[in-house]
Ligand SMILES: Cc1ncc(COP(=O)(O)O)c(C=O)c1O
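Below you'll find only one chain, the form predicted on its own, shown as structure tokens.
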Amino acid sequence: MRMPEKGQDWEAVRAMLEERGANDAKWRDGRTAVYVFNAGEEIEQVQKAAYTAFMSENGLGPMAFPSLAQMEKDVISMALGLLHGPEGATGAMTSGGTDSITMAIKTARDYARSNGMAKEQANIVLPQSAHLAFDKAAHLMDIEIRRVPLKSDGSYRADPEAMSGQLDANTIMMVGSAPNFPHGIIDPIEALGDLAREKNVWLHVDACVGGYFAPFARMNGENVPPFDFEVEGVMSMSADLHKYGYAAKGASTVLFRSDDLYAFMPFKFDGWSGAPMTTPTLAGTRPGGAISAAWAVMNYLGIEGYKALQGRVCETRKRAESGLKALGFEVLGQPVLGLVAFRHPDLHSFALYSEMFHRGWFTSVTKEPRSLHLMLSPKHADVIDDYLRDLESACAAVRSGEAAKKEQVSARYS
């Protein structure tokens, strides 16, 4: 495509936009269970109105836009209030989970350097289920990644004892997830915290998925184990607002136990011809709309609103688990939030995924072990029974296809 010589009227451009999106996943109808967190049209309108209200403002300039600076402080304060941040805890908003994880690693690395640690190549020790964002950030900073197998007890949780064996004088960070993305399972953060304190290692909790879900699930009576700053060994956390915080993309938070730790995160430069500049995160320009939308949604919903939405998701997950087990599926581990991974003992998960995709469902898969994967939103309460009915049909189709293949093979060699 080349830029047109003359601009077109808005109606023509809007028609082209609608045409471009015609084949995208239809997430508003609830048939998408990945990428989008659908809390309904009401929240979507709050997102849009708050985002556009500060769409042109830039969070890079707190003196020019003190409104954004204060909204970011408010968001961080609310986050720390939910996640047991101690006195002096602080943080910043970022563009997403990868950004938050990258900044946490940069902070831990610089902290280690300032304390005479990691004199050789730095490394990070993390469970096999930890998000690939750690690998991406480590690649950028030339840090070694040491992935450790999960416990062999079928819990799909990190193995603190095995991780302990990978720690050394050059380890700048150990990682636990709350929950991990592949299986939706919360790692044993308390045990990891004890290990971190014993070995004097920085523990980061990746709560990008669960940071704005787990506190409300616990308030609703779900059995959510300690996972945040109430565990003394936790030095930093990542938690995404544009996931179960239901904010507009891209909005995440990276949080630190103390301001002394946070001090290693910002970039401060004055060795150029322009004015001295400080940027708290990797980004220069920081979209004001992402900050204002997060602030607005958090204030619009409040604790009661979040409890209602997250309670609906947990109830939907339980309905899904019950229906899946009735169809002969095994649910991996014991998820307590909104993610669930499951597999059938006799049917190939990827074949089932293909059948469900052709029936209009856009979800996800996990490869270790091969399984289907749902990331549920409040909207899925309206469609989970439809999903289970289609899954039953998909199972029948896969069985039929496998039977036909066996007949073909048998006929070929008979």
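Residue indices: 1-based, along the sequence shown. Since we're looking at a predicted model, the values are computed, not measured.
FYI, the form predicted in complex with this ligand isn't displayed, but the following is about it.
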| query | finding |
| --- | --- |
| This ligand contact in the model of the complex: T98, any heavy atom under 4.5 Å | yes |
| Partner proximity in the model of the complex: L255 to this ligand, non-hydrogen atom cutoff 4.5 Å | no |
| In the model of the complex, H242 touching this ligand (heavy atom, 4.5 Å) | yes |
| 4.5 Å heavy atom contact, V209 to this ligand in the model of the complex | yes |
| Region of this chain that lies against this ligand in the model of the complex, out of 327-335, 311-319, 293-301, 179-187 [heavy atom, 4.5 Å] | 179-187 |
| Option touching this ligand, based on a heavy atom within 4.5 Å in the model of the complex, out of R218, K73, K307, H131 | H131 |
